[in-house]
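Consider the single chain below, provided in structure tokens and representing the form predicted on its own.
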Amino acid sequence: MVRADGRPVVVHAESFAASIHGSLGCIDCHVDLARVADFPHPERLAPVTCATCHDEPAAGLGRSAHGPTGGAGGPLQCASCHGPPHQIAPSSAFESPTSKLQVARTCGQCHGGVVAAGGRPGPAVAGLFADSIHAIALTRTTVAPTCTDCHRSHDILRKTDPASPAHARNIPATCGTCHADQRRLYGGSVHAAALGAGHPLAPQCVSCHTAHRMAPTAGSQWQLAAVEQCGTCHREALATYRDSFHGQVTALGFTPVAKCVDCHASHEIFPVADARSTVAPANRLATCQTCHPSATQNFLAFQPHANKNDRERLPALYYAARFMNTLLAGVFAFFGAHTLLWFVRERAESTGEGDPRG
């Protein structure tokens, strides 16, 4: 028996017997063999239809991004993920390409930045996932998520599909299957309200944590990057934060100062006018005291997002900033002119033009 490309098909009896299909007979899958009266049978048999037994997975694959119309390099076949047809192991077995510990490597065959058979390079997400906290956790426990926990296994849909668990509006529920407390806190926030209202840029889990390369939130690199991430939506707030002592210290790469989440919280973020907000007038002192235990009511006079260009809100700061800018420009102009005139004088004296005895 040969494949369509002319290569021979060798079925090892021992390997097949140890597979999940080992209890089946040849004609259970190769139904056209049942019509063969004499052997040897024809060299080329009709393709096996896995849907005969696995109708639901086959239907899910058919309508997925890996199906006939979704795949960039053509549709995937069952054996693309499950391995050689005569050696398929149950997903519970470690050696199975679809086991919890192996599935990321299997997906990485196409989603590792390499060229899939007959297609174009897939997105290089497998390498990003390999460095993530989820992948590291998988080395210790199978409870940690892998590709199929977030994208499903057969009916994998593109993230732009509203039915996909990776769609922006569904991501809180997807992540919430493991992170229930964070989902509950986020569910009442101003960000969740915007997401539910259909705002296309409303932040959700992957907006801050990324989708595949998730780093520990306790790390300095993540905390500094989170400040910039908040600034993608809150540009003015980021600019005024950078003018403050807190912002200037974080810009130098140091984290032991107040950052966005230290004042506004991370998941349960509410508008300032909301009494539940950590920066509401009644809660602001307690928030400051988490870093400054001796802070008093006078501490609240500090403006963490003071805008020196807002004359109506902060006229004193506005005119003080203008005065300082004018003073600075005047000092540079005065001493610049002084230096220039001094240079002219030195030049004249060196050539003798300024010597009265010449």
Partner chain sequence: MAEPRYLRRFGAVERAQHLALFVSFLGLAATGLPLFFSDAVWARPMAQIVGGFAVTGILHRTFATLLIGVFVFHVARIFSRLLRGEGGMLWGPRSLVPQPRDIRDLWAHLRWFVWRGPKPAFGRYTYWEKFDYWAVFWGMVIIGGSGLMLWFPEFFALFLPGWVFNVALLVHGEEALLAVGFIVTIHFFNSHMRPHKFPMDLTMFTGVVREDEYARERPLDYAVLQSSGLEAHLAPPPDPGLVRRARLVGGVAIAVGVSLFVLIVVASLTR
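Numbering follows the first chain given and starts at 1. Everything quoted here is computed from the prediction, not taken from an experiment. For the two forms, the rigid core is made up of the largest set of C-alpha atoms that agree within 1.5 Å on superposition.
If you look for the form predicted together with the partner chain, you will not find it shown, but the lines that follow are about it.
Colleague: To verify the annotation, which of these, Leu328, Ala46, Ile27, Ala51, has a non-hydrogen atom within 4.5 Å of the partner chain in the predicted bound form?
Modeller: Comparing distances to the partner chain in the predicted bound form, the residue within 4.5 Å is Leu328.
Colleague: Ok, Val125, Leu185, Cys150, Leu224: which has a heavy atom sitting within 4.5 Å of the partner chain in the predicted bound form?
Modeller: Only one option qualifies, and that one is Leu224.
Colleague: Taking the shortest heavy atom distance, is Phe94 within 4.5 Å of the partner chain in the predicted bound form?
Modeller: Contact check for Phe94: no, nothing within 4.5 Å of the partner chain in the predicted bound form.
Colleague: Can any non-hydrogen atom of His41 be found within 4.5 angstroms of the partner chain in the predicted bound form?
Modeller: Close contact is absent here: in the predicted bound form, His41 is far from the partner chain, nothing within 4.5 Å, heavy atoms only.
Colleague: May I ask you to check whether Met324 falls inside a 4.5 Å heavy atom distance of the partner chain in the predicted bound form?
Modeller: Answer yes; at least one heavy atom of Met324 falls within 4.5 Å of the partner chain in the predicted bound form.
Colleague: Using a 4.5 angstroms cut-off on non-hydrogen atoms, would Gln248 count as touching the partner chain in the predicted bound form?
Modeller: Yes.
Colleague: Heavy atoms within 4.5 Å of the partner chain in the predicted bound form: which stretch in 81-89, 229-237, 275-283, 254-262 meets that?
Modeller: Stretch with heavy atoms near the partner: 254-262.
Colleague: Within 314-344, which residues come within 4.5 Å of the partner chain in the predicted bound form, counting heavy atoms only?
Modeller: Leu314, Ala316, Leu317, Ala320, Ala321, Phe323, Met324, Asn325, Leu327, Leu328, Val331, Phe332, Phe334, Phe335, Gly336, His338, Thr339, Leu341, Trp342, Phe343 sit within 4.5 Å of the partner.
Colleague: Is Asp310 among the residues whose Cα moves by 2 Å or more between the shown form and the other one after superposition of the rigid core?
Modeller: Yes, the C-alpha moves 2 Å or more.
Colleague: Compare the position of the CA of Ala18 between the shown form and the other one after a rigid core fit and state whether the shift reaches 2 Å.
Modeller: No, the C-alpha moves less than 2 Å.
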